[in-house]
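Next up is one chain by itself, shown in structure tokens, the form predicted on its own.
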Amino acid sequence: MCLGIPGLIVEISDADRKLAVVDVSGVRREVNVAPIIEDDAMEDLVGVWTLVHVGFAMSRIDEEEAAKTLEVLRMFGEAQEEIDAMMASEAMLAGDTPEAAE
């Protein structure tokens, strides 16, 4: 199943490439925000809630919708699976793998 998970844009990491850091339940991940820029400056996206899917911010949502969506996803166990996958991906990128410890 494909799902979008709510995340809060916390910083702009590369304005030229339209990349921002999104916080999803404490896990931070760089995503492409091109689909949601509209007429805003990149800096105006900091503090915006968005639905994130496969590395892209797909749509803007408000904080209430984000909270409700996360709650429903947690009820179905979907959010934790997605968060775990994001954490595993970040660990791999940082070199925190069993092979790196050897």
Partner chain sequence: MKYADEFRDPVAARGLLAKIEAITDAIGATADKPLHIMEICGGHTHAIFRYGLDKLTPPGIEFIHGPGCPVCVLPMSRVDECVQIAEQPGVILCTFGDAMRVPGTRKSLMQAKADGCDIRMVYSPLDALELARRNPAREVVFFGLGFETTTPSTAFSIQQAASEGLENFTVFCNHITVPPPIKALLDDPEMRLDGFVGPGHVSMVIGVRPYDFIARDYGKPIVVAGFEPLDLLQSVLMVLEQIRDGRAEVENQYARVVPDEGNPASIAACDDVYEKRDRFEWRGLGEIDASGLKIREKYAAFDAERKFGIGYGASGRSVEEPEGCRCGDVMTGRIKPLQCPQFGAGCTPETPLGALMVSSEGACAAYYQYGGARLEAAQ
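Each form is matched to the other, and the largest set of C-alpha atoms that superpose within 1.5 Å is called the rigid core. Residue numbers count along the first chain shown, from 1. Computed from a predicted model, the values in this text were never measured in an experiment.
Just so it is clear, the following notes concern the form predicted together with the partner chain, a form of the same protein that is not shown.
**Student:** So, in the model of the complex, is I9 in contact with the partner chain at a 4.5 angstroms heavy atom limit?
**Tutor:** Contact with the partner chain, no.
**Student:** Verify the contact flag for V52: yes if a non-hydrogen atom of it lies within 4.5 Å of a non-hydrogen atom of the partner chain in the model of the complex, no if not.
**Tutor:** Yes, V52 lies within 4.5 Å of the partner chain in the model of the complex.
**Student:** Indicate whether S13 is a 4.5 Å heavy atom neighbour of the partner chain in the model of the complex.
**Tutor:** Outside the cut-off, so no.
**Student:** Would D62 show up as a contact with the partner chain in the model of the complex if we use heavy atoms at 4.5 Å?
**Tutor:** It does: once the partner chain is placed as it appears in the model of the complex, D62 has a heavy atom within 4.5 Å of it.
**Student:** Given a 4.5 Å distance limit between heavy atoms, list every residue of 56-77 close to the partner chain in the model of the complex, or none if there are none.
**Tutor:** If the 4.5 Å heavy-atom criterion is applied to the partner chain in the model of the complex, 56-77 yields F56, M58, S59, R60, I61, D62, E63, E65, A66, T69, L70, V72, L73, F76, G77.
**Student:** With both forms fitted on the core, check whether the Cα of A15 differs by 2 Å or more between this form and the one not shown.
**Tutor:** Shift of 2 Å or more: no.
**Student:** Report the direction of the Cα distance change between E64 and D39 in the model of the complex, compared with the displayed form, as closer or farther; the change is 3 Å or more.
**Tutor:** It is closer: in the model of the complex, the C-alpha atoms of E64 and D39 lie at least 3 Å nearer than they do here.
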